[in-house]
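Shown next as structure tokens: one chain only, the form predicted alone.
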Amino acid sequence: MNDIDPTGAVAGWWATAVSRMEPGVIELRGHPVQELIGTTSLTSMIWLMLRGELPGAREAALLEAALVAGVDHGPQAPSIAIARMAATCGVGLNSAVASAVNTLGDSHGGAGEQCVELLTEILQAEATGIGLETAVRQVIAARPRYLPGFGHRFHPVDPRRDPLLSLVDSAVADGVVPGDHLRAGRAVEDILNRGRAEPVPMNIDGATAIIYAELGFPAPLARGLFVLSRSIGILAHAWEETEQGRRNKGPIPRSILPAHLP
């Protein structure tokens, strides 16, 4: 409280444990920023800001692997295409990135969050005393046909799946993470593929959902962390498009006209 805010109402309105800023002082989750600079990785900073404490080395490495895996998937991803189009409209990099990030919704960008929810629901069902396979079948039966985190419209096997799951396997073996969401994810994959001529393997969203859940991040943060990750690719594509100098780039080349609906 002071002369400007005598009751402390304004300070209380904006009270936060995330940061403290006063003249000559910047603290992030209680850590002076000058002690973090040069000693703490960006991945560890993400963990610190979201969780209030610094991660262990293996936890940080697992989180970083998931973030690296989700950085980019080419201009066929709507967010990347929108970033490139926006960058040609004279709006600047910040607006191009924001335009792209704002498309990361339930259908494009939300599968990781949805997969964490799916796997958590399975584990909750298993905790009632039924077997894991029964829990998987019950949860799948109660959901729409689409299962977030499994199958891919481009890749027969997502090339990011195996290296990510291998890291989780190692982390489970060493006691870094418990492994329950990994068990649930593999059980879903196994049941989905029984009797199928063409497999429906886990994809990037499923693998990163397992990592985020195993590390203790709640489902909404799985989407938030994906947004951070994909923002790197979005920025790179927006900058490349800016350097190419095109103006008002549309979604298709000018030589192709949309079909007219009667």
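Residue indices: 1-based, along the sequence shown. It should be emphasised that the depicted structure is a prediction, and the values quoted were computed from it without experimental measurement.
This protein has a second form, the form predicted in complex with another copy of the chain, left out of what is shown; the following refers to that one.
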Pro55, Leu123 and Ala213 each touching another copy of the chain in the predicted bound form (heavy atom, 4.5 Å): no
Stretch in contact, per heavy atom within 4.5 angstroms of another copy of the chain in the predicted bound form, of 91-99, 185-193, 169-177, 129-137: 91-99
Another copy of the chain contact in the predicted bound form: Leu225, any heavy atom under 4.5 Å: yes
Close approach of Ile26 to another copy of the chain in the predicted bound form, 4.5 Å, heavy atom: yes
Another copy of the chain contact at Val200 in the predicted bound form, heavy atom, 4.5 Å: no
Proximity of Glu59 to another copy of the chain in the predicted bound form, heavy atoms at 4.5 Å: no
Stretch 226-241 - residues with a heavy atom within 4.5 Å of another copy of the chain in the predicted bound form: Val227, Leu228, Ser231, Ile232, Gly233, Leu235, Ala236, His237, Trp239, Glu240
